[in-house]
Every structure is written in C-alpha cells, then in structure tokens.
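As structure tokens, the next two blocks hold two forms of the same chain, structure 1 and structure 2.
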Structure 1
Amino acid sequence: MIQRPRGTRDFGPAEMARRRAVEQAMREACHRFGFGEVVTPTFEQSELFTLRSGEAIVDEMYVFKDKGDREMALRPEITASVIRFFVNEMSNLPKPLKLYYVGNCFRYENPQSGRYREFFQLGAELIGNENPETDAEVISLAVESLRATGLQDFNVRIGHIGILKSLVLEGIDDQALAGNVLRMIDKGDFDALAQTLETNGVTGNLMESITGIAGTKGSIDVLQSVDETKANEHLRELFEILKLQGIDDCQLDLGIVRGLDYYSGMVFEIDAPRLGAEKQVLGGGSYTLSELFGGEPVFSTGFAIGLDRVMLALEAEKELPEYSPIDAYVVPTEDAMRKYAFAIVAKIRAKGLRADVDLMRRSMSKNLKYASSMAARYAVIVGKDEMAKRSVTLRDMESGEQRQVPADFAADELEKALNAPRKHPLSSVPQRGIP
C-alpha cells in the first residue's frame, strides 16, 4: 500500500462538510466587510519568499527546479503572493483594496497536533493607509470570522512592534544583530537573548528594558507604565474604535513581536485556550512589503487564520453536528418501480434538494437500513400501489411517521417537510447540511 506523505491528511465527506461549512462562514464574514476573494498560484519563484522571510526559510520550504531550471517553491504562506499580485496588476486600483484568500500552504517541519506539512489558511489583506481605523477594520474582520464559525472561547491580544523595535534599534547599531534580537523576542527565548547581548558587548539596561516592555500585558490602561510614543496614541485610538464596534475584551500585549523587518506597526494574535500549547489560531499585523517586490511603498494590514486549528478548537469546544449527505433517499419497492424511482429523484434534485436513489438493487428493508445509515432525513418510497394512484410515500427516518403525497408534487412536499420545525428530540440537529 502506498501511504500518504507524512504531515498530510485525507478528509472524508463528513469532515469536508464540516470544514467547508466553517470556511463558508468565514467567507461570508469577509463579504460582509467588503473584502473580495483573490486566488494566487500554489507555487511561485522561491525568491518571492526568501525576499520576504530571509534565506533561512528555504530549509522549511518545498523547493524544486522546474523544467526550465528555475527554482520554484510550494507556497509556505500566501501574503507574499497577494502583495506580488498587487504590485504586478493592482497597484493603480483605488484604495483601500480589501482582499481575502483561502488556500493550502506547505512547510517542511515536524508534524504535531495542529501543525502539518500541508495546512490550510484563510487570510485577508487591507492595502491602504496607516491609521487606527485600518487596523480596527482588520481586527474586527478577524474576530467576526471566528465568531461566524461558532467559536466562542478565544482571546484577542494586540501590541505594537514599534515600541520594542525602537528600543532595540536605539540600543544596537548593528542592523543584523538588531534583527536577530527581535526574532529572539518573537520566539520568547529570553535566555538566548541575554547571552547574545552579552556576547556582542551590549551593556547597560537594554535587556531589562526589553523584558519590562515585553511583559506589559493587560487592559489598555497598562500603557500608562510605558513611555509615551506615537505607538501608544495609535493603540489607544485603536482600542476605542474596537470598543465602539462591540469588541471590548481585547488585551494589550506588547510582547507580540514579528521578527521580520517589514512589520512596522500594530501586531495581533488570537488564541483558543482549549488547544493547550499550540493555541494560536490567528496572527496578523501591519506591514510594508510591496517595495521588496519592485513596487512603491504602501501600507498594509492583514492576518492569516489557521483553518486546521480552528477546526480543532471547535471540536474541543462543542460536539459538531451530525453529517447528513442527503435530504431524501428514493426507495423502489420492486424492480418494476425502478424507472419511476429515477424520475422521482430527478424531480427532487431539480428542486435543489440533495437526493439519492437505490443503485445496488437492494430489497426495500435493506434500502431503508441504508437510508438510515446515511442519515437521510426522509425516505421516498415508490411502490406499485402508490404509483397506481400517482403518489409516493414520504417516510420521516427519525420519527418513523409517513404519509402519501402526489408523485408530481413529491419534491414540493419534501421541501416543505425539510423546512418545517422539528417536533421531536432531535430538533437541535440541523435540518439540511452542516451549519
């Protein structure tokens, strides 16, 4: 047997129904905020990603030579592709540009819970102007996207990279060393940071100042303990706008840092506590990236949601609805009724309902058992006596109740029954599909 590659997964119909429903809920949130979907290639020139993240990322990428001896890479993320697309074809469009994407990404890393070599993201990029309103719009979309999935237990943490970045650049003249210091802060590796500063002769109170700011967390009021800067003012106005939009439980966290030079301002993360150590489901922030790809400098704010971790968070929080691939299963009672069964199922499908019909030539009892195993809401029984009256029998597979309806109106009656409120204990189960 050929096994699937390590760090990848197969998804069956039930799992895909749940994933698509979660994805669709997020898409609809993006549309409500005026974001339009874009699609970029699954592979790009590897330079696109090394320009963004440095040569070290090559060790984490799937890199290959194409038949023209060009070095390509499966995308490890999608933001770079979107900004490349913007520079290539959209830079003259009116701003702000509000774009979102959904796609799979690839990273060669050690697989673990919530972390895979092929993973899936939904992200958004707002290309426009540097102000608190832009940041608030993106954070609001991120929160609304998660709320739309039904996820309830998550925490929003917001910081501003400018505060720590300014401190580091003031204390360290060497740009390369300053970049390494920011990456260590990003990883929370303060022991290595202290050793690096000592090895490079960086003396004074820099380490103490870094840990003090990185440890500044809580309500927006804790900013009073930090020296006043433009970043502080930006954060206060941002929190005020978010509160007006009904997002009033965000936490300030000045320890959030992105170890990449192009991040320039607000940064934020969203955690789902029930996931334990790998609890982050979303990361984002403001950045300037287009000039790296040959474009004019432009301010952007964006985020990426890990769809895989959102699914794990939803499963940890509540029992997901039962999967039902069909609304109705059409059952011929004998061979002579099969042609009528196909006519009936065609009319049901034409109505926009999900329907299946016996293809295995089972007995009626085995067909009803199969319909039950498929969680079909209704069985449509096509029998000799019923057809003599130009009727069929609708059988509710949960309650066992059944009634005859005219064959010509079977699809209409079935639609009414599916949309009617449930009157038995399973009323909480969605009537059609997975919400």
Structure 2
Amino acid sequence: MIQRPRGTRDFGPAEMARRRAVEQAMREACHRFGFGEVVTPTFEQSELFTLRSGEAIVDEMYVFKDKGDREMALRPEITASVIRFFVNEMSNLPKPLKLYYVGNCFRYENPQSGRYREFFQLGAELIGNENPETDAEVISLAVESLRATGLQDFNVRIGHIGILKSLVLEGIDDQALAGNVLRMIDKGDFDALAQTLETNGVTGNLMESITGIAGTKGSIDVLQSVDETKANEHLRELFEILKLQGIDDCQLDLGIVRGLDYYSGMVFEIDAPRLGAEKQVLGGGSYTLSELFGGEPVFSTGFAIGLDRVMLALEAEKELPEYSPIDAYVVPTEDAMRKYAFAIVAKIRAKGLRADVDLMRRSMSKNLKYASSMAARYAVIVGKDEMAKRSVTLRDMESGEQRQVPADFAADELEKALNAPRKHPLSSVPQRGIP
C-alpha cells in the first residue's frame, strides 16, 4: 500500500465541510474590511524566498530543479509571492492595496500535532505605508477573522522588532550573527543569548537593555519603563486605535521576533492557549520586500492564519455538530417505484436542497437505516399507494414522525420543514447545510 507523505493529510467530506465553513467565515471578514482575493503560484523561483525570508525558512524549503534546470521551491509562505505580484503588475494601482489569499504552504518540519509539512494559510497584506492606522487595520482584521470562526479563547501579543533589532545591531555589526541573536530571543533561549552577547563583547548596559526589552511584556503602560523611541509612540497610537474598535485586551510583548526575517516594524502573534506546544494560530507584522524584488520601496503590513491550527483550536473549544451531506433521502418502497424516486429527487434538487436517492436497490428498511447513517433530516418515501394518489411520505428521521404530502409540493414542504425551528434545539444534527 502506498502511504501519503509524512506531515501531509487527507481530508474527508465531513472535515472539508467544516474547513470550508471556517474558511468562508474568515473570507467574509476580509471582504467586510475591503480586502480582495489574490491567487499566486504554488511554486516560485527559490530565490524569491531565499532573498529575505531568513535561514529558518530556507532550511525547511522544498527545493527542486525543473526540466529547464531552474531552481524552484514550493512556497513556504505566501507574503513574498504577493509582493512579487505587486511589483510585477500592481505597483501603479492606487494605494493602499488590500489583498488576501488562501492557500497551501510547504515546510520540511518535524511533524506533530498542529505542525505539518503541508499546511494551509489564510493571509492578508495591506500594501501602502507604515502608519499605526495601517497596523491597526490589519490587527483588527486578524482579530475579526478569528472571531468570525467562533473561536473565543485567544490572546493577541503585539511588539516592535525595530526596537530589539536596533539594540542588537548597536552591539553586533555582523548581520548574520545579529540574526542568530534574534532567533535565540525568539526561542526564549536566554542562556545562549547571554553567552553569545558576552563572547561578542556586548556586556553591561547594552546587554541589560537587550535582555530587558526581550522580557518586556504586559499592558501598554509597561512602555513607561522603556527608553522613549519613535517605535513607542507608534505602539501607543496603535493600541489607542485598537481600543476604539473594541479590541482592548492586547498585550504588549517586545520580545516577539518572528520566524521570518523580513519584518522591520510592528510584529504581532495570536495564540490559542488550548493548543499546547503549537499554539500560535497567527503571525504577522510590518515589513518592506518590494525593493528587494525590483520595485519601489513600499511598506506593508500583513498576517497569516494557520487554518489547520484554527480547526484544532475550535475542536478543543466546542463539540462539532454532526455532519450530513444531504437534507433528504428518497426511498422507493419497491422496484416498480424506482424511476418515480428519480423524478422526486430531481424536483427536490431543483429547489436547491441537498438530496440523494437509492442507487443500491436496497429494501425499504435498509434504505431507512442508510438514511439515518447519513444523518439525513428527512426520508422521502415513494410508495405505490401514495403514488396512486400522487403523493409521497415525508419521514422526519429524528422524531420518526411521518406525513403524506402531494408529490408536486414535496420539495416546498421539505424546504418549509427544514427551515422551521427544530423540535430539539439541543440536538447535534445540523439544521440544514454545512455546520
């Protein structure tokens, strides 16, 4: 038997229905904020990602040569592609540009729960400037997108990579080494940090400042304990705008470094604490990449949500409703009624309802069992006596109640019944459609 590659998954209909519903809720949030969808290729020239995404990502990239001997990479993320697209074709459009995307990404990581080699992101990029308003708009969309999925338990942490970066670069000229130091802070490896700083002559006040900033967390008021910089003002304004939009429970965390190297300003992360080790459901921040890809320098702010982790977080928060692909299942009572069953199912489908009909030539009782195993809300029984009167029987599969309705109105009756309030509101069977 051929197995699927490690770190990848197959998704069945029930799971896909839930994923699509969650994705749709987030897409609608993007639309409410005026973001338009873009799609970019699944693979790009590997250079697109090696230029600035940083060592951590490059080490995990799926790289291959195509038949023309060009080095390609499966995208480890989508931001670089969107900015390449912007530089290639959209740089003359009026700014700000608000773009969002949904797609699969590939990273050769050690697979575990919430960490995959192929995973899915919904992300957004606001291309235009580096004002606090832009950052606020993006964080606001990030929070709205998660709220729209029904997720309740999540924490927003906001920092500013500019503060840490400039302090580290004050003591360390070598960009690569400075990058390593920042990664140690990202991992919370403070022993290695202290040792590296010391070996490179960063001691005393500067060392204290770096470790102090890396550990600065709390409400926006903790900024009072930090030397005044332009970044502080930016963060204060940002928190104010967020508060005015009803987002007032964000934490300041100046130790946020992010796994990608292109950030230059505000950075933020959202965790779902119920997820354990891989609890970060979203990451983002402000950056410039356009000049690196041959365009004018333009500031952008964006984020990406890990769709797979949001699904896990939702599962951890609440029981998911039972999934059913159909509202009604049409059951002929005997062979002579089979072709009529097809006429009935066609009418129900024409009404926009989700309906299926017996294709296995099963007996009536086996068909009812099957309808129940599919969690169909109704069985539509097509019997000889009923057809003689041009009617069918609707059977509520949950309560077992049955009633005869005229065949020509079966679809209307079903629609009414499916839209009526449930007799058992706590039932786990979905009212209609996808949960």
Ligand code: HAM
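Whichever C-alpha set is largest while still superposing within 1.5 Å between the two forms counts as the rigid core. As the structure is a computational prediction, the values presented were derived from the model and not from experiment. The first residue in the sequence of structure 1 is number 1, and each one after it adds one.
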{"property": "Pair member that is the form predicted alone", "result": "1"}
{"property": "Threshold 2 Å Cα movement between structures 1 and 2 at A176, rigid core reference", "result": "yes"}
{"property": "Flag for I326, CA shift 2 Å or larger between structures 1 and 2 after aligning core", "result": "no"}
{"property": "Threshold 2 Å Cα movement between structures 1 and 2 for E37, core superposed", "result": "no"}
{"property": "Following rigid core superposition, Cα shift of G54 between structures 1 and 2 in Å", "result": "4.2"}
